[in-house]
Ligand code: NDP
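One chain follows as C-alpha cells, the form predicted on its own.
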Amino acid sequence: MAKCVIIGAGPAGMSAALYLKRAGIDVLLIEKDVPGGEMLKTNKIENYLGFMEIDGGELALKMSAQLKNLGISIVKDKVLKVSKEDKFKIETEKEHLVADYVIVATGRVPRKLGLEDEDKLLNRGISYCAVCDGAFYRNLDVAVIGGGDSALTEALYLADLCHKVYVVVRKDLRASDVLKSRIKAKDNIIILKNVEVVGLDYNDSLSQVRLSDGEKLSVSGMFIAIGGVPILDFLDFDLETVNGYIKTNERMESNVKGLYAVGDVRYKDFYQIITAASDGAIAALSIREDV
C-alpha cells in the first residue's frame, strides 16, 4: 500500500516524487529502465534554468541524486496493468500494489515513419537516437528526418561525427531560431524541405533513402525524429485522450479520479524538460491539497 505511485522516472516523475516527499506524502516511484527518460538521449542541454550547459545524462543523475538525498528510492520494475475499484491496483512484474493516487509519467516511444522494412532496418541503418548510435556512422553520410528542435539537435550532434548530414523536412523547419542559426553555420548539413521519405533501399543495411521528389540520398544511416507515441497500454481505464495523449485539466488530473498525467504522456502545447518538471510539481501539489 502506498499513498501515491508514480510510474516513470523522467523529469516529470522525479519532480512529482520530490514535491510529494517534501509534503510528507508516502510515495513510490517505479521505473523500468534507467532514471532520466528522454534526457539520456540528449548530449547538450542549454535551456534548463540554472545550467548554462549540461549533458542530459548528468542532469538525470543530479535529479536522481536529489531524490536519494531525500530518502526516495527508485524501484526498478515494469508496470503491467493499472486498474481501479475503490483504490488503484497496480500490477508489476514483481508485485501487486494498492494506492490512493497514481501519477503516469511514462513518456513516449519514438514515432515511426511507417515505411516498409523500417522495423527490419532498426540498428542496421535506422535509429531514433543520435547520441546512442551516432558513433557507428563516423565519417559517413546520414539523414535526419524531422524539422523540430529534436531533429535539429540530432543533426548538430551528427554533424561533428559524420561526413554529411541531410535534414529531410516534410514542410519547413519548426525549430527555434537558435538551432536554425547553428544549422546554417555547419557546412556539412544540407536542409531538404517540402519532401518526404517514400522508400528505403538496402542490402544487409541501409544504402539509400528515396524521397517524394524522386531524389535518392546515398546514406549509411537514417535518424528519425518526428515526435513520439505516449506509453499508455498498461492503463485499464476509459481515458479521455487527444491524439493519443491523456487529456488533463490545469491540475494534471485526468477524467479518472485520482489518476494524474505529467510530462510527455499529457496533451499540451510544449514538450520540454522544464515543462515536464513543472507538470510533476503541479500534480504533486494538487494531490497535497486533496489529501
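For every residue, the number given is its place in the sequence shown, counted from 1. These figures come from a predicted structure and were not determined experimentally.
As for the form predicted in complex with the ligand, it is not shown, yet the points below apply to it.
- For Y271, a non-hydrogen atom is located within 4.5 Å of the ligand in the predicted complex, even though that partner is not displayed.
- Using a 4.5 angstroms threshold between heavy atoms, C129 stays clear of the ligand in the predicted complex.
- Proximity of L113 to the ligand in the predicted complex: non-hydrogen atoms within 4.5 Å are present.
- Using a 4.5 angstroms limit between non-hydrogen atoms, N69 is distant from the ligand in the predicted complex.
- Scanning G107, G134, G146, G125 against the ligand in the predicted complex with a 4.5 Å heavy atom cut-off leaves one residue, G146.
- K171 is the sole member of K171, H96, K216, H163 with a non-hydrogen atom lying within 4.5 angstroms of the ligand in the predicted complex.
- Partner contact region in the predicted complex: 149-157, out of 76-84, 200-208, 117-125, 149-157, criterion any non-hydrogen atom within 4.5 Å of the ligand.
- In the predicted complex, the ligand lies within 4.5 angstroms of a heavy atom of only one residue of 26-47, namely N47.
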